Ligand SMILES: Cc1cc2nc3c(=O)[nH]c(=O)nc-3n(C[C@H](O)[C@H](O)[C@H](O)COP(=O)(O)OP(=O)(O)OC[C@H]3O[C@@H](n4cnc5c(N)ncnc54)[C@H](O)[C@@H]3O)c2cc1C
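In the form predicted alone, a lone chain appears below as structure tokens.
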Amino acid sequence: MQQLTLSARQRRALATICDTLCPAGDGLPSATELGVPEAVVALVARDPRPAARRELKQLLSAWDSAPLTYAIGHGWNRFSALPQERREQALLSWCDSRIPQRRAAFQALRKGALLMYWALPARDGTANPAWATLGLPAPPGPPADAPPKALRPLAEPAAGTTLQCDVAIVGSGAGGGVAAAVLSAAGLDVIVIEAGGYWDDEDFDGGELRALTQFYAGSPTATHDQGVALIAGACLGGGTVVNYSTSFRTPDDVRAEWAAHGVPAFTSDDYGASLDAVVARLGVNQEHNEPSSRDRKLRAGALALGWHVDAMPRNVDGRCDMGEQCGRCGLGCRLGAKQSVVKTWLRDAADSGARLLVGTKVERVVIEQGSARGVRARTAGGGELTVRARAVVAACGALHTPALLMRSGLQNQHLGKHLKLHPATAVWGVYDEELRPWEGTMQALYSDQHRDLDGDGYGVKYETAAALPHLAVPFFPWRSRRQHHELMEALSSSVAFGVLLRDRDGGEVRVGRDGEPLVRYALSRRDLAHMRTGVEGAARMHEAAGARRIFSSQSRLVAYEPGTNGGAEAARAEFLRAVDACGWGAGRTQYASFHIMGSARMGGAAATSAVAPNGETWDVRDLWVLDGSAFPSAPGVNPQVSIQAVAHMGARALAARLA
């Protein structure tokens, strides 16, 4: 992690911003009293991009100056000298600005400060007093009876070390873990190289702070304009360690669409066999999905409308409690019930002799005479490492895989393009009973009522998720300290219906001067129309389930009460008009992506894709992409099974070549 040192002026500006967003009051501590400014600095320090640190320092240097305060209409005063109400107004002028960069800066500051405010314990290590206002229990801590870690990564090699193997796999998540198991089972010597650390049951304390700062990626955490938050795992096992265990097979119509991109294997028994193998190894079932209070509201609303609702397929075993523990599964499963890649494929790979390196970032692929012959990496201690190999598998996710390939000199015109994010927003319903939405099965039910809106398989899926503060805060508007705390205090009686969009039109991944990925993405007019249908559909389900108040996830509080203003239909119509008026773009509506895919897509020719049907890049021989980057288009479902099946099929082809 890079150091980020602020001047006294910069520290004062950051502390004042944080305390404006979360001041002391009503018995609650201020952001500064909890240590939020220091935590925000630590978050930014996790970002490997020098530009991110430089931009924050420049913003803070200018922030607490009289000229800047004057420029936004608050007189010749320092921001820190203004009373709380005027400081709030000044922040909101950035939130509502017509200048996208100001809106992006506000959203980054808002999310960072509020996430840390609700995630941090008190400075003495006791429970954060703010948790009690929600009825939220303190994190349970690491399990006392956790089994010892089953995997044994290699010790950090000395600087200048060169290792030899048949296949070097970059990334250890849903793609890399499966590829490692298949290739090592075929008798090949495999080294898996993971930039993150190795965390397992004994490390999962159920706390948001540790997960956000150790298990999830520190960069990029959003698109370039802060329009879509990007949520990805960054540890051994990747996103499978922190995902919600939802395990859909690739839908048949999506397989047909992918085959039409020039990859006929997707409709063949070959891919079907890989799907079967993945589902069997993960133990996917529908027996461990007792509906939570959130899911019961989703079911009640859908059934009252005569809409589709069904049980989630999940990769968990009988240890899943489907209760209080399960609600924290996105922070790591403390019960060992989630069959992540660490529990399954990576264990298989290690049993077959595969070697694992953690805390090691691959900087580029070694290419000799048009073929991949290994990678160059840097260890956590800063030492250089070379891994020589007969083939290289890039499986470090749809943000870092294209960045790695571009750093390595590949120039295919489709590399980094066609990025799909499954952007999700939330529609909130506030009910009259306590629901404790942070408890219960992470995702037990779903609705596909609006899966196909135009007859081509594109639309939205409705899901819920356990609403701990780190999932609620990014979607809640912030207009004042008072309003924010009112929304948070109502969280125990609130449910979010997530609207998950299958995006037809996508964005792209670029590489900055520092070699790190930058994400540009905006929802197209067609995709926005589908998202609007989803927001209305989620609101209708809340109405049918009995919500007394419904609000969207926008920069302003856009809400309505179904029982007023001439009835639910009229109130909803006015609500949608207000949503439209607030806007659907970056900084107007809050979106997040939990599924990042498609930036090095497979296809039948180099003119239309970055990767051949077998997974090998068109540009370089023996360089394979076996992760979600290879998706020809968005799958429309939670993608972990599809990623693993793509990797399984491609790894079998690679094993046959090398054996």
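For clarity, every value in this text was computed on a predicted model and none was experimentally measured. One rule holds for the numbers: they count along the sequence shown, beginning at 1.
Here the subject shifts to the form predicted together with this ligand, a form of this protein not shown in this document.
Using a 4.5 Å cutoff between non-hydrogen atoms, Trp307 does not count as a contact of this ligand in the model of the complex. Proximity of Ser352 to this ligand in the model of the complex: non-hydrogen atoms within 4.5 Å are absent; the residue sits far from the partner. Taking the partner from the other structure, this ligand in the model of the complex has no heavy atom within 4.5 Å of any heavy atom of Arg526. Under a 4.5 angstroms non-hydrogen atom cutoff, this ligand in the model of the complex lacks Arg479 among its neighbouring residues. Remark: all three candidate residues (Ser245, His400 and Asp627) come within 4.5 Å of this ligand in the model of the complex, counting heavy atoms only. Here the chain stands alone, but in the model of the complex its contact with this ligand, taken as any heavy atom within 4.5 Å, falls in 226 to 234 among 111 to 119, 90 to 98, 226 to 234, 491 to 499.
Proximity to this ligand in the model of the complex, defined as a heavy atom within 4.5 Å, holds among Arg407, Arg504, Arg86, Arg388 only for Arg407. The contact residue chosen from Val170, Leu298, Ala372, Val342 relative to this ligand in the model of the complex is Val170, the criterion being a non-hydrogen atom within 4.5 angstroms. Contact annotation for 519 to 533: no residue has a non-hydrogen atom within 4.5 angstroms of this ligand in the model of the complex.
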